[in-house]
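Coming up is one lone chain in structure tokens, specifically the form predicted on its own.
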């Protein structure tokens, strides 16, 4: 899995590619923790090139969303979610927890 991070004016953009599973979720968790520990809670997660997400990956997304929304500090939004990953989010009942945008530009513009 590959994770890149870019700090923008109003939010942080995290782009993930590959598999998000128990073996790789720590890499994503470290990047998201670094952002939250810096006091930034508006996060866009571009999932365009994610091929698989396990329950460990879903758990990380939920934990990050809960931390960001605590005390109305911010939000984790998802961008360019592949159909296969969207099916997993729907199956897990998580689509109502996240704002999901079809393009990265729309997601960044949300903040």
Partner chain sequence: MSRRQTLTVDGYYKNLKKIADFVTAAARQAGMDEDEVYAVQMAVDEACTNIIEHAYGGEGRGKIRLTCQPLPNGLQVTIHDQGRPFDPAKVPVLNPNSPAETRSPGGMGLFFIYRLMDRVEFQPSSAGENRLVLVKQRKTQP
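Not measured: the values here are computed from a predicted model. Numbering follows the first chain given and starts at 1.
Missing here is the form predicted in complex with its partner chain; even so, the following discussion is about that form.
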(request) State the residue from 28, 35, 68, 58 whose non-hydrogen atoms include one within 4.5 Å of its partner chain in the predicted complex. (result) 58
(request) Find out whether any non-hydrogen atom of residue 54 is located within 4.5 angstroms of its partner chain in the predicted complex, and reply yes or no. (result) yes
(request) Using the partner position in the predicted complex, report whether residue 14 sits within 4.5 Å of its partner chain, counting heavy atoms only. (result) no
(message) How about residue 84 - does it come within 4.5 Å of its partner chain in the predicted complex, if we only consider non-hydrogen atoms?
(response) yes
(message) residue 99 versus its partner chain, in the predicted complex: is there a non-hydrogen atom within 4.5 Å?
(response) no
(request) Give, in sequence order, every residue of 17-43 that has a heavy atom within 4.5 Å of its partner chain in the predicted complex, or say none if there are no such residues. (result) 19, 21, 22, 23
